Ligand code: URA
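One chain follows as structure tokens, the form predicted on its own.
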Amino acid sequence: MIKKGCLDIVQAKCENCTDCILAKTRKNVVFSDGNPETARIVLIGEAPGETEDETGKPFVGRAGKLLNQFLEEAGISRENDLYIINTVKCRPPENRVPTDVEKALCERYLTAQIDIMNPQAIIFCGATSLRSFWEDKKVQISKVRGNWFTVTVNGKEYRAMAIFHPSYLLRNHSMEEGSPRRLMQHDLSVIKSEILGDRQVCSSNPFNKELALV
């Protein structure tokens, strides 16, 4: 329970945070979901929505339910394989995109969560979370999704991939080849196979997919 204990300390500080204006309108701080002791992947979303603000848990509204469906289909356990967090821990009014100032003030909680979890992979769910770690702040998720890349958090490199946000998939129902939903299925299957499957990536070069060991 080492990770959970450390995260509990960070959560207690986060729940008392009043650094930005989001603290004035929040009902609940939305800190995380998942089992930190078993999760090998950190999934980072954008910000809490209305249902998340009500419940204090990330990805529990319509988009979250759709995400659950895709995860289940891919064989990824939300409860055991993922530690789910957001770039900011409080709901922006009217579900707007969090500002750079809000993200900067919340960054210490986000990076502390990543440091403690020390995941095998980070999954950026949606453009906002991706741009929080990507040099080009106008990067389009459709251009980079499905590919492994590296991100650096507090001096440590992590393997990472971006996937579509489920709220985007709610507006795109097609299951045709090349559609966002089909691409989401593909990306999650890759994550399942390479991070949670039987194959383990060679530790001497963790970002080279050609060095996977059986």
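One rule holds for the numbers: they count along the sequence shown, beginning at 1. Treat the numbers as computed from the prediction; the structure is a model and nothing was measured.
Just so it is clear, the following notes concern the form predicted in complex with this ligand, a form of the same protein that is not shown.
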query: 4.5 angstroms heavy atom contact with this ligand in the predicted complex for A162; finding: no
query: G49: touches this ligand in the predicted complex, heavy atom cutoff 4.5 angstroms; finding: yes
query: Residue stretch of 51-59, 178-186, 34-42, 143-151 approaching this ligand in the predicted complex, non-hydrogen atom distance within 4.5 Å; finding: 51-59
query: Neighbours of this ligand in the predicted complex among 78-103 [non-hydrogen atom within 4.5 angstroms]; finding: N86
